[in-house]
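A single chain, nothing else alongside it, follows as structure tokens in the form predicted on its own.
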Amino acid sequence: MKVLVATEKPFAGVAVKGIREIVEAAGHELALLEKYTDSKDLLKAVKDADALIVRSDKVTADVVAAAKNLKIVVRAGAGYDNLDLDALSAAKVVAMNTPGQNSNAVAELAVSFMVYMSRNQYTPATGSELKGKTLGVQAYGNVGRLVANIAKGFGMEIMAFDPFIPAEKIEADGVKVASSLEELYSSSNFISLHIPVTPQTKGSIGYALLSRMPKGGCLVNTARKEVINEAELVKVLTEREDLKYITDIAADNQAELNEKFGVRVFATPKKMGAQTSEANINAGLAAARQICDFFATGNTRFQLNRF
């Protein structure tokens, strides 16, 4: 089988070396498409691929149509909104992600964001401490749980809301369970977002929730920009001069946010959550192992689509 690694933003060299070793040890062929600048390059490279590993690269309906031999796509990372699941399902191509491989990197970034904003982006002004503050974790999955654990080390109180995880499992970690999103936002000095983009979550974080936050509240977004209602974010930041917003996914209206709100907002130049050497390696190797296991045993444990 031919396994194509298509990465506009390449894996680290050591990760590529590890991927090659895993793929070739299983008797498959590895092909690389790195730093490509034209989607046509991907369409050409994928034509004879049986498997595809990507990072943030978009696997569109056109890519799926061009890949006549494709049987599996693995997104090396947790988020998968760059995969056209409908097109992949229609073509009976298995889509997977690699949950948990980037989690620690994202969690550390989220907590560092809280420190950065509580200290006014390190400008010469009096800031505040995290100790004694309440952190609200929206979605208590791999990343959310790690964020909670790290924040406990700062002496923070933790509250979480996740309708898909039993309350007793969250409480077993010493975390209070919010009965609703409204309670989470009303009770938390910091909110850390870890929700995926779905029809239900897209644009769901807006005025109604953010206006509930206590004085000096800060929203931390290491999830996806699409979950934010950007127009309503402007509205609430305008009305509430005490609120703050920090993200590693710049908003479409980031220039407006920066101009209007100064040090109350911050966005990294590019998405930084998984930008550690450890996460880079872990996700790439996990993707290779999942593909080889799929070909060897049919294992579809992390399948995202159904057909």
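Heads up: residue numbers just count along the shown sequence, starting at 1. Rigid core here is just the name for the largest C-alpha set that superposes within 1.5 Å across the two forms. Since this is a predicted model, take the numbers as computed values, not measurements.
Unshown form predicted in complex with 3-phosphoglyceric acid; subsequent notes refer to it.
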Using heavy atoms and a 4.5 Å limit, would one call Ala76 a contact residue for 3-phosphoglyceric acid in the predicted complex? yes
Any of the heavy atoms of Asn258 lying within 4.5 Å of 3-phosphoglyceric acid in the predicted complex? no
Could you tell me if Lys244 has a non-hydrogen atom within 4.5 Å of 3-phosphoglyceric acid in the predicted complex? no
Heavy atoms within 4.5 Å of 3-phosphoglyceric acid in the predicted complex: does Ser56 have any? yes
Heavy atom within 4.5 Å of 3-phosphoglyceric acid in the predicted complex: which of Leu33, Ala274, Val265, Ala67 fits that? Just give me the one. Ala274
In the predicted complex, the residue from Arg224, Arg212, Lys152, Lys176 with a non-hydrogen atom within 4.5 Å of 3-phosphoglyceric acid is Arg224
In the predicted complex, segment of 134-142, 68-76, 202-210, 85-93 with a heavy atom within 4.5 Å of 3-phosphoglyceric acid: 68-76
In the predicted complex, residues of 93-111 near 3-phosphoglyceric acid [heavy atom within 4.5 Å]: Asn102
After fitting the core, Phe261 CA displacement of 2 Å or more between the shown form and the other one: no
